[in-house]
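The structure tokens that follow cover one protein chain in two forms, given apart as structure 1 and structure 2.
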Structure 1
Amino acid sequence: MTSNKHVLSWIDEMAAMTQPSDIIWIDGSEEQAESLRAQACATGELIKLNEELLPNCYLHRTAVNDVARVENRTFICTPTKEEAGNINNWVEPSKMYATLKKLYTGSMKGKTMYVIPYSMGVVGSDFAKIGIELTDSIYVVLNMLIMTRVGKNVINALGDSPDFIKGLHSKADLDEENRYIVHFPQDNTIMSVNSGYGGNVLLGKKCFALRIASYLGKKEGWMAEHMLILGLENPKGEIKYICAAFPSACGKTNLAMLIPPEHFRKLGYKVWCVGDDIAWLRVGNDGRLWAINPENGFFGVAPGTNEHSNPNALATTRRDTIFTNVCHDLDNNTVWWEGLNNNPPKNALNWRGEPWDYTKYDKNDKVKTSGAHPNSRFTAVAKNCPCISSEFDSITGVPVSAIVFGGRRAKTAPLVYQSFNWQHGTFVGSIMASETTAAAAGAVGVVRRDPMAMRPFVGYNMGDYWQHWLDMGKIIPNPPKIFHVNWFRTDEEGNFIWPGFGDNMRVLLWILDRCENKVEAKETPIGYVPYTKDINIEGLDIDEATLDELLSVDKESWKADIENIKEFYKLVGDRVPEKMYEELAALEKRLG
């Protein structure tokens, strides 16, 4: 498919090591995809679902010990440990290459190696970057065909250039002890072995579009962020764009596809989805910050997705979708997950493929008793989303009015606040914290610092990453305003106080009003907080006292948080910018 010497010699080298019996280039054609689906169905790797109810949809189960990203097995192998920083795992590159070589040697014996040329971003756009993933998994090929732009036009766009990201993936033995997700930023190289799960193996996504891209962005003056991109259209037909960074499984997909509450819908408000997970951001000629979504599909959390919480996501998954680790309803050959509806299937297999008894479900032990794994996902085509933005394929992207940070905080963080300026906004991002979720292996519900929702995804030193944010602020003449939201505040019984989901639009409207200087706000030690009257609660069953509570800033819990922030800054280490310490001291002073 190409005469590019850089591509061909690299493939030769990888094939000599992994020793596949066959090499097949993926051309992006429907015929080839269809024949791969058939092959995967024949071996049981995929299960074809009910063609009438779920056309062109498939179910896949991963190994039971391979259901989420593995942060402790993820490495950033820069020449020095200092460059990777304390937040990332690091091994000296030549040592890591040697370790990996052993694991890859002969790992594709008797198997086919698929060559997937893909583009992150619209082929031909200034934003776009090309990658090639080599994999021994048909599941990976079929997912990449949805999640990225794949095909001959990519290889044509690359021409004879050496400028592409090399990705090698082998499932090998799926051995947990020898599972490695490794990045060599200086070599434009990603190597993943012994996993078959999402973020570990779809190398265009977290590995390239966040870890490698964040490194490139630092070098080249742009940003790669764990952010959704949405357009909010007002009744006049004007659309303003917002990017929001929430940690994994904290509501990006939901917010990106929001359906306005009825009152607003009737007035003509609409939300358009540009992206649900990753944004690449650049300064435009007009001095604003512009965003593209480098992906082509959604790898979204299934549990909790339903007709009320996210009808757009649900509609997107009704065709051309690969479901991973959900529950299989055998009566009608469809899929189910917790939170889809109140009718769990009676004749079903759980995510492990075992007969499932829904009456045994225990929400305190989901992994053991649920039908679908808590981190089960759908891989769906972005263009199948009913609210996909007309700018989805735009080569320039969309201009960003606001950047929103957020996380799961039962206390401390109010519903929304605005930073004083870009530098303070960077500080607000740096101190983000959230309860951990099932998206990564490990304990769930533990509060941890997750700066900019990028803790697992920064491809270099976290301190330098914060400096990059500060530097970007200086080169954006007309920067977006920076906010922080928290949909997850709870009462004494642990119930969410804020209704969330579609009603989050009420907060977005305040945010946009602030961007346009249409509304005053209350200055507090942590930033600008709305006056209760300025959050429109028309049609919402919530009283002012509750809203007051949601918007309150509890100084004591903030003071307690300061200690934890200091410890975290210490952990990040020497490269924390001085400005961040100045902001921290200023916050402490304002809190009194």
Structure 2
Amino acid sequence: MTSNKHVLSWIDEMAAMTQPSDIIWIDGSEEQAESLRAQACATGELIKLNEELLPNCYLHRTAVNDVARVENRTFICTPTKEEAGNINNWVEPSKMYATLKKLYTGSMKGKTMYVIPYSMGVVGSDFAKIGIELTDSIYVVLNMLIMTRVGKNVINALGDSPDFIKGLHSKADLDEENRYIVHFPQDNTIMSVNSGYGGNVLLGKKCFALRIASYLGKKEGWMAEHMLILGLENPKGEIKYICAAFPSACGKTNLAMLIPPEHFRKLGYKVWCVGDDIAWLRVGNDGRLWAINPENGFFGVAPGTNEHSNPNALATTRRDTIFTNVCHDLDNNTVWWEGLNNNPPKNALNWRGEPWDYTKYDKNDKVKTSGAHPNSRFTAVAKNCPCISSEFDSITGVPVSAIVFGGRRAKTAPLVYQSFNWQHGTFVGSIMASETTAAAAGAVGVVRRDPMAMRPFVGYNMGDYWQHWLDMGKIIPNPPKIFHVNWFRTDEEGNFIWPGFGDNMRVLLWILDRCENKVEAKETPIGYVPYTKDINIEGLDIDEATLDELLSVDKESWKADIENIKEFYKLVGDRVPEKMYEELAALEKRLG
């Protein structure tokens, strides 16, 4: 498929090490994909689902010991530990290459090596970056065909250039003691071994689009962020775009595919999804920040996805989808998961492939007793989403009006506040946090800092990453305004006060009003907070007093939070920019 000597010599070198019996190039054609699906069904790697109810949909089960991203087995290998930083696991590159070589040698004996040329971003766009993943897994091939843009046009766009991201994946023995997901930023290389789970093996996703891309962005003057991109259309037909970063379990995908409340729908408001997970951002010729979604599909968490929480995501999964580790309903050959509906199948196999009795479900032991694994997934084609943006395939991306950070805080953060400026906004992103819930392992209410929702995904030192944010602020003539939201404030009984879901649009409308200077806001020690009258609560079962409570700034809990922030900055280490400490001191002073 190519005469690119850089590509061919690297493939030869990897093949000599892994020793596959055959090498097949993936050309992006439907004929080849269909042939691979049939092959995977014949070996049991995939199960074909009911063609009438779920056309072109398949079920896959991973190994029981291989069901999620493994942060403790994920490494950033830079020449010095300082470059990787304290947040990342680090091993010196030559030492790691030696470790990996032992695991890869002969790992593809008797297997086929598939060569996947793929583009993150629309082929030919200024944003686009090309990768080649070598894998011994048909499951990986079929997922990459959904998640990225694959085919001959990618390799043609690369031409004779050496500028591509190398990715090697082998399932090997699926040995969790020797499972490694490794990034070599200086070498443009990603290596994954002994896993078959999507988050560890679809190398275009977090590995390339965030860890490697964040490093490239720092080097080249752009940003790779763990952010959804949505467009909000008003009744006049004007669309404004927002990027938003949330840690896991904070409703990111739900916001990306938000359906406006009925009152707003009748007025003509619409929300368009450009992306649900990752944004690449560059400064445009007009001085604004422009964003693309580098992905081509959604790799979403199934449990909790339903007609109420996210009807658009559910609709997206009804065709051309690969389901991983969900429950298999044998009566109609479809799938089910906890939170889909209140009708668990009576005749089913659980995510492990064992007969499942829904009456034995225990929410305190979900992994053992649930039908679907709590981290079970769907890999779905983005263009099947009912609210996909017409700008999804734009080669220029979309102009960003606002950047929104969010977390899950019971008392500390108000419903929404705006940063004072870009530098303060960077500080707000750096102190992002969520409190653990009963669903998470360990104690409830423990604060976990997850700056810009990038803690597991920054490909270099977190302090340098914050500095890159500060530097970007100096080169964007018309930067987006930066906000923070918290849908999860609770009352004395621990109940959520804000309804969330579609009603979050009411907050987004205030954010956009602020971006266009249409409304005033009151200054508080933490930033600008809305006046109650400026958040539209028509049709909501919330009065102004409750909204006042949601927008209040609890100084005492913020003062307590300061100590936690200082501890976290200490953990990040001596590369925390001085400006961040200045912002922290200023916050402490304003709080009195």
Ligand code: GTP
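Residue positions are counted from 1 along structure 1's sequence. Note that the rigid core is defined as the largest set of C-alphas that superpose within 1.5 Å between two forms. Predicted, not measured: the structure shown is a model, and the values here were computed from it.
Panel number for the form predicted on its own | If we ask which form is the one predicted on its own, the answer is structure 2.
Superpose on the rigid core, then tell me if the C-alpha of residue 53 is displaced by 2 angstroms or more between structure 1 and structure 2.
-> Result for residue 53: no, shift under 2 Å.
Displaced residue check between structure 1 and structure 2: residue 545, CA, 2 Å or over, core reference | Yes, because once the rigid core is superposed, the C-alpha of residue 545 moves 2 Å or more between structure 1 and structure 2.
For residue 248, decide whether the Cα shift between structure 1 and structure 2 is 2 Å or greater, given a superposition on the rigid core.
-> After core superposition, the C-alpha of residue 248 moves 2 Å or more between structure 1 and structure 2.
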